[in-house]
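The chain below stands alone and is given as structure tokens, in the form predicted alone.
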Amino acid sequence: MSVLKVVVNGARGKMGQTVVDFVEHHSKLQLAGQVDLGDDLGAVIQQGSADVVVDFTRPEIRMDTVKTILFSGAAAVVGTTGFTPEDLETIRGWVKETGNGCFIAPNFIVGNVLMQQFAKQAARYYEYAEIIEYHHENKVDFPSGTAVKTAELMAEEREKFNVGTNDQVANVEGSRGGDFAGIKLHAVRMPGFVASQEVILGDKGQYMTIRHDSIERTSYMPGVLMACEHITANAELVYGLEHIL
């Protein structure tokens, strides 16, 4: 059994610390380096002969980070959010040029990805839908990448949601949340949460809630492992854990 050499980028963050601990205690993985703000990511990759870099950093540096990883000779597993369709096309070109794969996932929690797939199926049958996501107070972006991805998947099944909602008078601007294909997205930020999301779908005389709660960051690790194993064996761009479940 081959062991994957892993560099963790964002190693001093809470998620990064969880990944470091996971790598250090897993028989299939070997910690080849830890990187954080001020460190030379490319140099650490090359010094450690890394097979893959697991990145949990910040959205504003997402493209520079991916480019550095791929052109330094490693595959990338990225949990940072904010990637646009244009970003993905650029990365696809880098993957082709370097021969190193890139796995990007808005969420690496298997249960959360299943929740998204269930919501996509339900969207065929419900015209009304809202998404509420809950994260800790230190998460900088909103709504979460998971919420956006869920809305994207639901919109593949129905062009427009909530067309019959009569919300015309705003007592407080923005209180109906963000809008994606008519789906209302709401972001909660406060201590006590790690990552939770619920999708509420309604029709006459009924409503259904699909919810997933992550109470510890260790819940991300099985998905991270799956992504590392897949992308080191396949020089391609993968966006979303659902593609390998």
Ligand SMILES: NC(=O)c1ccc[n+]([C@@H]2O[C@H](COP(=O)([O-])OP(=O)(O)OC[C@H]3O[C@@H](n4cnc5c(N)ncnc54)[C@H](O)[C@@H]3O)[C@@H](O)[C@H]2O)c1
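The first residue of the sequence shown is number 1, and the count goes up from there. Because the structure is a prediction, the values reported are computed rather than measured.
We do not show the form predicted together with the named molecule, though everything after this point is about it.
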### Query
194, 208, 188, 61: which sits within 4.5 Å of the named molecule in the predicted bound form by any heavy atom?
61
### Summary
Answer key: of 15, 225, 23, 237, within 4.5 Å of the named molecule in the predicted bound form (heavy atoms) is 15
### Message
Heavy atoms within 4.5 Å of the named molecule in the predicted bound form: which stretch in 32-40, 46-54, 175-183, 196-204 meets that?
### Response
32-40
### Message
Please determine whether residue 108 contacts the named molecule in the predicted bound form, using a 4.5 Å cut-off between heavy atoms.
### Response
yes
### Query
If you check in the predicted bound form, is residue 80 within 4.5 Å of the named molecule, heavy atoms only?
yes
### Task
Counting only non-hydrogen atoms and a 4.5 Å cut-off, give the residues of 203-221 close to the named molecule in the predicted bound form.
220
